[in-house]
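Below, in structure tokens: the form predicted on its own, a single chain.
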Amino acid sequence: MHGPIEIPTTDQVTVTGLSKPAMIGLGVGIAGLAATAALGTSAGDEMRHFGHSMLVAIVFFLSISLGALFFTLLQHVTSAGWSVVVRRVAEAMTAAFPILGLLVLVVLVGPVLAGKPWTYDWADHDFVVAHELIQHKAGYLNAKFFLIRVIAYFAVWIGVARFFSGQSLAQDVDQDKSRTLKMQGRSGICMIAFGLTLTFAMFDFMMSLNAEWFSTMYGVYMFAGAFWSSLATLALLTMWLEKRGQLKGVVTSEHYHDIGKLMFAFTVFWSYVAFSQFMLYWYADIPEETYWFNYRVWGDWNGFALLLLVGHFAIPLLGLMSRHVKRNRSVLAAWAVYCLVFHFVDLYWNVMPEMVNGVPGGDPATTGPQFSLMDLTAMIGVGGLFAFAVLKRIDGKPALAIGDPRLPESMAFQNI
């Protein structure tokens, strides 16, 4: 039995003192991007490595924000009570959408509009002329329509994120319970919009790297990795705020247990989707469908494929299975970092083999990993801007949705 639940005051959970860390993140981000651009211009590969390294970094942090948006929508559409104490943290993780959108426009869309195949070969007119199948996709894969779609994706994500975050923050002030019903009522249609925009965005950003290959499962595959990585980030950021005192005594082992259970579940789900996609192509054995896997699984990239099989599936499957792991903050934090590392490995394996496509004499089947310092500086650059956006969103605001009527239920939550 629990005694009366004492709801924290606004002052107790308001986050302060993050202006300086946020500005440090901004400085690191700008420096990282500048270093990446400098390395790219001196690489002698017409900025192709720059474009692909930046794509990995952008999609890595974009997927975390997208997973956090899905987490927020999921809690509202299911009227979940357990997650109220961590939902504000997830809402803050969506604050990076405007910065990431700007990066996408400059780094990915800009070169396409200029006809530069730094990242996407279909941006090059001569390449399209030489590939009949891509010519048939020109109604979709063209610069203007690409720009329109990108703007639409980020407009939906920013609009949905700001609506739910704004309603939640306003509820802290007016304690209006009808806001909970309002958010719950709109979460269903927003969930549909989220699913469609994420799927087509991953078709555009990732799958169109090789415009002749296609997979209807690719959006689900990328979604699984996005939610997995966002749960890991949610656990780490919540622990950090708890150590600062804003969530101390509010978030308990019970809540980390549930976050850990979702991490375990999506370890399995990602593996299921990845295997299903591979198995269907292997079973059909149609050359124009299997070649994407051929040079990733049996070519010089097979080491990465084996690494993902063991590191993205087998090891976290066993490591996250135990109840004790999920309830121990330090151990769960270690696994969260591990998950983020392998989410990067997964994205790297998806993107970087395509870097040699469109290059005379380039063959991903015989050209293995070509690591560069740009791979690191791009992650540092985009990561710094991501941290800046998230910290600025949290600073000066309650880290807890104190106006949510389900907060007492969440604070008293216990796993069976």
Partner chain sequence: MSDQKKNDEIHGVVAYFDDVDSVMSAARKVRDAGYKKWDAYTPFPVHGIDEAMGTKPTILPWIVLGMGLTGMACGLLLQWYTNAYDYVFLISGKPNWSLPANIPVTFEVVILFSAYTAFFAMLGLNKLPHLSNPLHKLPKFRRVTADRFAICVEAKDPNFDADRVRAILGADTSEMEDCPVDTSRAALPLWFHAVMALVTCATFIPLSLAVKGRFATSEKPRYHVWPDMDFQRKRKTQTGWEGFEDGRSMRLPVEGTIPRGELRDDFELYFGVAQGSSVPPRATYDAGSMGGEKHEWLQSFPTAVVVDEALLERGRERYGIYCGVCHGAQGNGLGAVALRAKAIDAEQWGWVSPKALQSDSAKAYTNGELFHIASHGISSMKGYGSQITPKDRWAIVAFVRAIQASQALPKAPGDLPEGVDFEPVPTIKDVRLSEASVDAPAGGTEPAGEAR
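Keep in mind the model is a prediction, meaning the values are calculated, not measured. Positions refer to the first chain, counted from 1.
Omitted here: the form predicted together with its partner chain. The next part is about that form.
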| query | finding |
| --- | --- |
| Any non-hydrogen atom of Met279 within 4.5 angstroms of its partner chain in the model of the complex | yes |
| Asp126, heavy atom within 4.5 angstroms of its partner chain in the model of the complex | no |
| 4.5 Å heavy atom contact, Asp174 and its partner chain in the model of the complex | no |
| Trp240: touches its partner chain in the model of the complex, heavy atom cutoff 4.5 angstroms | no |
| Partner-facing stretch of 329-337, 271-279, 94-102, 113-121, counted where any non-hydrogen atom is within 4.5 angstroms of its partner chain in the model of the complex | 271-279 |
| In the model of the complex: members of 281-303 within 4.5 Å of its partner chain, any heavy atom | Trp282, Tyr283, Asp285 |
